[in-house]
Ligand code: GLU
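The data below hold one chain only, encoded as structure tokens and taken in the form predicted on its own.
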């Protein structure tokens, strides 16, 4: 018997959610519910450098205000670190991870990046000489732990975006698994928590497509199967830039506090999802009934000033 479809809503509690986040979460929720699946809530609070003190309202409260529900209590990553530590230990025992003291600034100087978004690559020649520590518990503290990568494409077929292939070794090199703060990185935390909670379908923005190959690589190293993947284009602003939480005009808590109704937001999200009758959406159930993953736009959606003005008019 096939496993029950299980997805997760995995917000990062850094300043509240915006309309683009909401579109991804609502579509994710609808896809899972249409397949009779489970929806888990996971607060990914290990990687952020700053966390809002009111995330229960900014994240959980605002999603409930939109009508979303989930199965079981939220998993708070930072409160359950032993499984991540066990995964790191397993990789260390195989000689696949090593300690690193280099900062991102130092790596940028070595790799001489171009202007724009950049993830500093950790090249193999920067690795310390083996043998590497095999027991993280007895190794010196205050270092990042990186995973040893090898050249080669990591292909996968995305359920929405189609065939994909990335080479983590070429793109980012030996990426961080455990930080000097004593917490797992985003990549390790995602892989471990998806595996241990039975997540077998992941729905998110296509800015994370290349990250998926890293997570598949980690899963293979740990001897685990990977979920199925759905990566959809992002919502952009009128200038073609990705939406940012610092823009208060698109933050859900700001919109709610300004008197915008949840059904108005759901109608806008429905339009952005290619819903068959966005103007008739008055509840999350209406959204669910008219949602089709096949109608999701294949190119980025633009959030316009007209869209925002309509929210306040309804």
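Every value quoted in this text rests on a predicted model; they were computed, and no experiment measured them. Numbering follows the first chain given and starts at 1.
Below, we turn to the form predicted together with the named molecule, even though it does not appear here.
Participant: Even though the partner isn't displayed, in the predicted bound form is residue 186 close enough to the named molecule, meaning a heavy atom within 4.5 Å?
Facilitator: Within the cut-off, so yes.
Participant: Should residue 97 be classed as touching the named molecule in the predicted bound form when contacts are defined as heavy atoms within 4.5 Å?
Facilitator: Contact with the named molecule, no.
Participant: Does residue 15 reach the named molecule in the predicted bound form if we count a contact as any heavy atom within 4.5 Å?
Facilitator: Heavy-atom contact with the named molecule at 4.5 Å: absent for residue 15.
Participant: Does any part of residue 20 reach within 4.5 Å of the named molecule in the predicted bound form? Heavy atoms only, please.
Facilitator: No, residue 20 sits far enough from the named molecule in the predicted bound form that none of its heavy atoms falls within 4.5 Å.
Participant: Given the stretches 88-96, 176-184, 156-164, 201-209, which is the single one in contact with the named molecule in the predicted bound form, using a heavy atom cutoff of 4.5 Å?
Facilitator: Heavy atoms within 4.5 Å of the named molecule in the predicted bound form occur in 201-209.
Participant: Within 4.5 Å of the named molecule in the predicted bound form - does that hold for a heavy atom of every one of 8, 44 and 190?
Facilitator: Yes, each of 8, 44 and 190 comes within 4.5 Å of the named molecule in the predicted bound form.
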